[in-house]
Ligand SMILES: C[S@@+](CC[C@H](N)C(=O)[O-])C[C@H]1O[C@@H](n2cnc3c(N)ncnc32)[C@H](O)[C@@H]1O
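Next up: a single chain in structure tokens, the form predicted alone.
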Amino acid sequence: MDYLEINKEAWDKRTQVHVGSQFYDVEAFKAGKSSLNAIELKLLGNVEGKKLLHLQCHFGLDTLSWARLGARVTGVDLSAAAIEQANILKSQLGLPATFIANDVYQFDNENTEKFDIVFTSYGVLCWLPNLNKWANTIANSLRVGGEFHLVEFHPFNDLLSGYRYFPQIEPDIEDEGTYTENCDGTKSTVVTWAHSLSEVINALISVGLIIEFFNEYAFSPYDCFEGLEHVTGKGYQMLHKGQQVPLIYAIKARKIA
């Protein structure tokens, strides 16, 4: 099974849907709206003048939002269709950015640059079978003193939805639609893997990165799961037996040698 080709095909199709969705609201982005959320803006702080690598960047809204804040950005994504759209957007907006169509592991084999920041966010880890290789990509891409930032959906919610929490060699293979409001019901085969919090943290530690920050959040900026309710000024929450479910977590790590 070639999971890369299967997932690439799915994300090529999703990109065409996402570009026209209100969820991503490309027209508002073109008009100056940032796609970044308060969590990652606070976590990264001032990025002006810094070299920033965005892994699994989709069609580049967040990458270009960092560019608007002064970062020198490179975005990497498996989907050639997504990278094509990212390049169209950067040309339309006149923003400096480099976009590369590649999977995370192959990028590590070919990259020779060092970055001040590596960033990745929201629904990225489930597409990767091996987090140790992912962590190697991060460590190899950072200069000494550089920072890694992850903002990700919490796996506790996946567990409540009937998915695995603990990692296994065999992936989950499903036919599913996409998460934007304009999904027409068309389904694509996707291949995903479960990753526990301990697996994520230990993968980063194993390549010598120092964990400086770990936090969990009860509110998501996105209304992209069943059972969420909006809380004014907070975002979206989920209650299980009357108690808040952790929906997002964030990690900051640093390369010290």
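This structure is a prediction, so every number in the text was calculated from the model and none was measured. Position 1 is the first residue in the sequence shown; the rest follow in order.
Just so you know, the form predicted together with this ligand exists too; it's not on screen, but the next bit is about it.
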C57, L128 and Y179 - do all three of these have some heavy atom no more than 4.5 Å from this ligand in the predicted bound form? yes
Proximity to this ligand in the predicted bound form (heavy atom, within 4.5 Å), stretch among 160-168, 135-143, 84-92, 70-78: 70-78
Quick one: does V104 come within 4.5 Å of this ligand in the predicted bound form, counting heavy atoms only? yes
With the partner left out here, check for me: in the predicted bound form, does some heavy atom of A250 sit within 4.5 Å of this ligand? no
Interface membership of Y24, this ligand in the predicted bound form, 4.5 Å heavy atom rule: yes
Please check if I6 has a heavy atom lying within 4.5 Å of any heavy atom of this ligand in the predicted bound form. no
Stretch 116-146: residues contacting this ligand in the predicted bound form, 4.5 Å heavy atom cut-off: S121, Y122, G123, V124, W127, L128
